[in-house]
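Next up: just one chain, as structure tokens, the form predicted alone.
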Amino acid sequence: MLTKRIIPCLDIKDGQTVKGINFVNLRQAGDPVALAARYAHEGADELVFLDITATVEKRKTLAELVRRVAQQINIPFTVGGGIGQVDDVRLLLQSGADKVSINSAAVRRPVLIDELAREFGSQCVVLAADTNLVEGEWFVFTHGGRRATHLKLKDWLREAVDRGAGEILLTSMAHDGTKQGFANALTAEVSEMLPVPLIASGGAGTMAHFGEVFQEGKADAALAASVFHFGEIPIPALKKYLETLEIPVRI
């Protein structure tokens, strides 16, 4: 069985790591370069860097900051925010990213997924989906969760994978930052539906929540932010806990 991955997420605004609840009420959480170095040292399996206001502010991802983070880590590194074309991805890969995460630009122009998969390989393309329940149906949101779309989540994810997305980063906006647990039922549905790895995001508050998202949610990886940034859950302790549940992890 493949090992389950633990992935800290650096949400970046104005060059600093921030964290909010349900995508709003952001507060500072520290220097991204220092946090990245700490997570690599503590045994994180991967790192995700999301420039959360790049799309809203209509600008590119902070390539120089990506370069500084990449110099501090030796684990796979995914970068997202403000990516709209092949050249944006080329710059980020040259700056030290291993994969890119796309959301708003892919919704706006789905053929972008095809272009990136063809140019860099599916393993490089992570499709991020921010989703919320609207009248009993999960829909996709863009622009950092600010803008609703008419896309039904499952239809969009199937299309994205058909176009070449090699991994899905699924965030339940209703669970984000609440520390009440992941959206396990939704995560399991999506995981069983798709042939690519699924990263669950939104709602981590306790070590038990990670166990649940792997066992009940059938996730391949679990992403979290504030519980790691503020030292509430040390990654080495989390992995030892998951081992006691016989969940395979890299120690």
Partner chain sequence: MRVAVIKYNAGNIQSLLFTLARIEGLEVLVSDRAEVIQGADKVIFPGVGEASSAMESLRAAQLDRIIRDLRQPFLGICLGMQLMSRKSEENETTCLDIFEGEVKKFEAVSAAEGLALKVPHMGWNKLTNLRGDLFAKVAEGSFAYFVHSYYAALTVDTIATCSHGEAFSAALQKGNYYGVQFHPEKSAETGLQILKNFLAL
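Numbering follows the first chain given and starts at 1. Source: prediction; values computed, not measured.
Keep in mind that the form predicted in complex with its partner chain is missing from the display, and what follows is about it.
Contact annotation: of the candidates Asp130, Glu167, Asp176, Asp88, the single residue with a non-hydrogen atom within 4.5 angstroms of its partner chain in the model of the complex is Glu167. Proximity to its partner chain in the model of the complex, taken as a non-hydrogen atom within 4.5 angstroms, holds for one residue of Gly145, Gly181, Pro76, Gly84, which is Pro76. Heavy atoms within 4.5 Å of its partner chain in the model of the complex are found in one stretch of 31-39, 207-215, 193-201, 222-230, which is 193-201. When contacts are judged by a 4.5 Å heavy atom cut-off, Ala70 counts as touching its partner chain in the model of the complex.
Contact annotation for Ala97: at least one heavy atom lies within 4.5 Å of its partner chain in the model of the complex.
In the model of the complex, its partner chain sits within 4.5 Å of a heavy atom of Leu93.
Looking at Val249, you'd find a heavy atom of it within 4.5 angstroms of its partner chain in the model of the complex.
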